[in-house]
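Shown here is one chain on its own, the form predicted alone, set out as structure tokens.
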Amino acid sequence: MIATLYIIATPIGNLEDITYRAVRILGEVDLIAAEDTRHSLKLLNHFGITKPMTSYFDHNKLFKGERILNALRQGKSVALISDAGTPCISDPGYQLVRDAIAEHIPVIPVPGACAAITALSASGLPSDNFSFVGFPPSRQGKRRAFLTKLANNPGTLILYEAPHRLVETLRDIHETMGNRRIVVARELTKIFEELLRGEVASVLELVSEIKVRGEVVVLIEPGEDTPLETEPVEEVLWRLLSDRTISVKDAATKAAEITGVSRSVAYTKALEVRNGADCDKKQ
């Protein structure tokens, strides 16, 4: 094999979902770059593949990326795989691909499983127009702002979420997008595969009663053409600060959660509202 970077999709659960081509190429390359070598070793052992491996993930992408490029420069072939599914989807693989392309190194995709597309195909939501938006921010204020911007997207939204944040994210979807239809897909292609379908409130109730394991895919039906009305941050702050027992900082934090604006913006507005109220009182 000549120096080539192969982007190889691996199963997202059921090992039978790997392709014949993927198994063949993994057995032929000089080096396999994996997100977690211990995890991927189980897959390789299952198919009797013994090849040199190196880790490549978000925290070592600069150092290991250069080592992988050096191997390619030396004429070696490299396979890039992730823990599950198609590489370069919500992981740093695209940077390695970008750098390889810049050096005119052939990059060949070997297609296969992808959790986002797998979930979409069985969701029952419109699939002629959709957007994959990755993981939402972990902090509530930023997450709500993120979701608010997507509320009127004309296509189905697909996002990934960690199990310990799923309930909070569903609550924020309900708050920012309304009680629209969603699908929560978990354990895809595994024994306990489950797709929970319904309006946000009903799915949230179901999810709250079970222990969710592994990353999940959340799909949200398209928004309406009319803009989603949100209460201006100034009005929220006036209402909160009418209670003189609440501090400016606490009011700003709460207003940021409600409206989705940043805390710094909310704090600045809160100071203006509080100072304005004090001036009116003196007059």
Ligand code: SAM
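From a predicted model like this one, the values you see are computed outputs, not experimental measurements. In this text, rigid core is short for the largest set of C-alphas that superpose within 1.5 Å between two forms. One rule holds for the numbers: they count along the sequence shown, beginning at 1.
We do not show the form predicted in complex with this ligand, though everything after this point is about it.
None of 103-111, 158-166, 173-181, 121-129 except one has non-hydrogen atoms within 4.5 angstroms of this ligand in the model of the complex; the exception is 158-166. A residue is said to contact a partner when one of its heavy atoms sits within 4.5 Å of a partner heavy atom; Ala116 meets this definition for this ligand in the model of the complex. Among heavy atoms of Arg144, none comes within 4.5 Å of this ligand in the model of the complex. Of the heavy atoms in Phe135, some are within 4.5 Å of this ligand in the model of the complex.
Residue contact check for Ile32: none of its heavy atoms lie within 4.5 Å of this ligand in the model of the complex.
For the residues Val207, Ala185, Ala151, Leu72, the 4.5 Å heavy atom test against this ligand in the model of the complex is passed only by Ala185. Taking a 4.5 Å heavy atom cutoff to this ligand in the model of the complex, the contact residue among Val236, Val217, Ala252, Ile220 is Val217. In the model of the complex, Ser82, Ala84, Gly85, Thr86, Ile89, Ser90, Asp91 are the residues of 79-104 with at least one heavy atom within 4.5 Å of this ligand, listed from first to last. After superposition on the rigid core, the Cα atom of His104 is displaced by less than 2 Å between the shown form and the other one. The Cα shift for Gly27 between the shown form and the other one, taken after rigid core superposition, is smaller than 2 angstroms.
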